[in-house]
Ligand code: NAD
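Presented as structure tokens, the chain that follows is alone, the form predicted alone.
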């Protein structure tokens, strides 16, 4: 078992798995509980302190990976949450709901496809209605497909990647703005790929750069409403994205080992950043990008 977050000081080089990962391919979007090893999303390690007590959050991609870590952290910090996911990810969602039922917090499930504008708008309205309000958007869901040649990127892949990663942000925020009160927060998810794009992730990297521009511009536009917007930029994190077409299979045995910390990150290692950006502790922070990259610099 990997060493988890504890009060005692730990060496970040050895806190989690240092070895690479075996080749394993699943159909997109992938099931976390069929991965080897299963990512750590903080199920046993994240301890809440009431930092989001009374908050009402919509989390996209909340069934697995980073989104799952955010859902666990938000619930344990006191928030009621609405989780968006795809129907094919029900196995991961069921295990998450079973876990969060112990937190005695409201958990609303909103399955659906973020490539569909009508669904994105419906999702926001449903979250607002069933949570009895909405003050936090944690927009984590993403699509990543590795292609080593630009000529292999089909129009269908390009359209789906931009729909999930970029267009859904516009649709979701457009629908949410009239519902969000002053003090609300919007958190998007970019990537180290926005700054150091890999040659096999051209369309994905392009969307992640666009997310940064979107977030910074949006933050300036909505500042007068008392609403903040920031982004988190992960590095190589062990999630279902990597084994469902997001990485070339031959790269998995050394996945993450090229970082200064010489390992891939775990979703649990990002949760506290999303909590900070959703909380009043970050009240003077907007239009910022927070990197969680294992040492790869942003810029």
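Residue numbers count along the first chain shown, from 1. Just so it is clear, the model here is predicted, and its values are computed rather than measured.
Beyond the structure shown, there is the form predicted together with nicotinamide-adenine-dinucleotide, which is absent from this document and is the topic of what follows.
Contact with nicotinamide-adenine-dinucleotide in the predicted complex, judged as any non-hydrogen atom within 4.5 angstroms, is confined among 184 to 192, 146 to 154, 124 to 132, 95 to 103 to 184 to 192. Checking 202, 107, 173, 164 for any heavy atom within 4.5 Å of nicotinamide-adenine-dinucleotide in the predicted complex turns up a single hit: 164. Contact with nicotinamide-adenine-dinucleotide in the predicted complex, judged by any heavy atom within 4.5 Å, is made by just one of 114, 79, 72, 82: 114. With respect to nicotinamide-adenine-dinucleotide in the predicted complex, the three residues 136, 288 and 291 uniformly fall beyond 4.5 angstroms at the level of their nearest heavy atom. Although the partner is absent here, residue 141 sits close enough that one of its heavy atoms falls within 4.5 Å of nicotinamide-adenine-dinucleotide in the predicted complex. In the predicted complex, no heavy atom of residue 245 sits within 4.5 Å of nicotinamide-adenine-dinucleotide. When nicotinamide-adenine-dinucleotide is considered in the predicted complex, residue 231 lies well away from it, no heavy atom lying within 4.5 Å. Proximity of residue 86 to nicotinamide-adenine-dinucleotide in the predicted complex falls within the 4.5 Å heavy atom cutoff. Annotation for 220 to 245: interface residues with nicotinamide-adenine-dinucleotide in the predicted complex are 234, 235, 236, 237, 239, 240, 241, 242 [heavy atom within 4.5 Å].
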